[in-house]
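Given as structure tokens, the chain that follows is alone and in the form predicted alone.
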């Protein structure tokens, strides 16, 4: 009788475990897993800011460009990379090292079939399908909210993390908001806007180095502001700059970089009655930013 009871318990528990561990097999499934559209009803202003941000289009690059296309090209084809394959059907999640930062949820929650579907979408220039993959509220306020996982464990299911605790959160799925120790700290941003070369891959490559520059130049020079102080003033989730907005980007760069130019014009008397116009231009660029510009 005891054996029958254990078998019955296993029959009910095992399917639940499989559902818990199940990964997305399609782009639509992955997008649905991390869909944050429900956040809009209570956080309309923040959601509107996020929609204009690069986090809302992490695979689209600037001006709608499909930035991961070189990875999708056939190996050996002009413009292809060391991560490319000779057949799109061979593509795996590991063929997209950019997912580490541009779509971190794919690394932990997607099957290789998602990589195949994305490859085909990139080759077909299907911007609508690629645009479904976003770094949503759930990615930032759950997936990336804890970095000391050996001590604290991973992010809890059904819990969001923020700079402060909210005991009662009016959401059907995320009913609790817990305080994250890193949410206001630059190390939080440094998880993706990183230290420099990605040496952990079989084919190492240079990428984001904002956090490294911030630590080794700005902080070591006495700087005290965090990434959030400059890029998220008053909680702005646009997290400027929006490189698609040329005016806003220019204004931000102008506030971060000052240019001083001095010119001296004269005529060089090389020999009698021979005057050659000359000009000496001295330029000095001073950065007030907390990191190098440009990045990468």
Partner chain sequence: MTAKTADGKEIGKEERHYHPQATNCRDTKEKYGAQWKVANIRDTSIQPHQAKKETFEFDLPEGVRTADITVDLFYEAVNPDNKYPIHTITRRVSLDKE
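Numbering follows the first chain given and starts at 1. What we label the rigid core is the largest C-alpha set whose atoms superpose within 1.5 Å from one form to the other. As the structure is a prediction and not an experimental result, all values here were calculated from the model.
The form predicted together with its partner chain is left out here; the points below concern that form.
> Mind telling me which stretch in 26-34, 225-233, 39-47, 56-64 gets its heavy atoms within 4.5 Å of its partner chain in the predicted complex?
Only one stretch qualifies here: 56-64.
> Would you please decide whether residue 273 lies within 4.5 angstroms of its partner chain in the predicted complex, comparing each non-hydrogen atom pair?
No - in the predicted complex, heavy atoms of residue 273 and its partner chain never come within 4.5 Å of each other.
> Taking its partner chain as it sits in the predicted complex, is residue 168 in contact with it (heavy atom to heavy atom, 4.5 Å or less)?
Answer no; every heavy atom of residue 168 is more than 4.5 Å from its partner chain in the predicted complex.
> Report yes if any heavy atom of residue 94 sits within 4.5 Å of a heavy atom of its partner chain in the predicted complex; otherwise report no.
Taking the distances in the predicted complex, the answer for residue 94 is no, it never comes within 4.5 Å of its partner chain.
> Would residue 81 sit within 4.5 Å of its partner chain in the predicted complex, counting heavy atoms only?
Heavy-atom contact with its partner chain at 4.5 Å: present for residue 81.
> Looking at its partner chain in the predicted complex, do all three of 213, 218 and 290 come within 4.5 Å of it through at least one heavy atom?
Answer is yes for this spot.
> For 267-282: residues with a non-hydrogen atom within 4.5 angstroms of its partner chain in the predicted complex?
Residues within 4.5 Å: 267, 276, 277, 278, 279, 280, 281, 282.
> Rigid core fitted, then: does residue 44 show a CA shift of 2 angstroms or greater between the shown form and the other one?
No.
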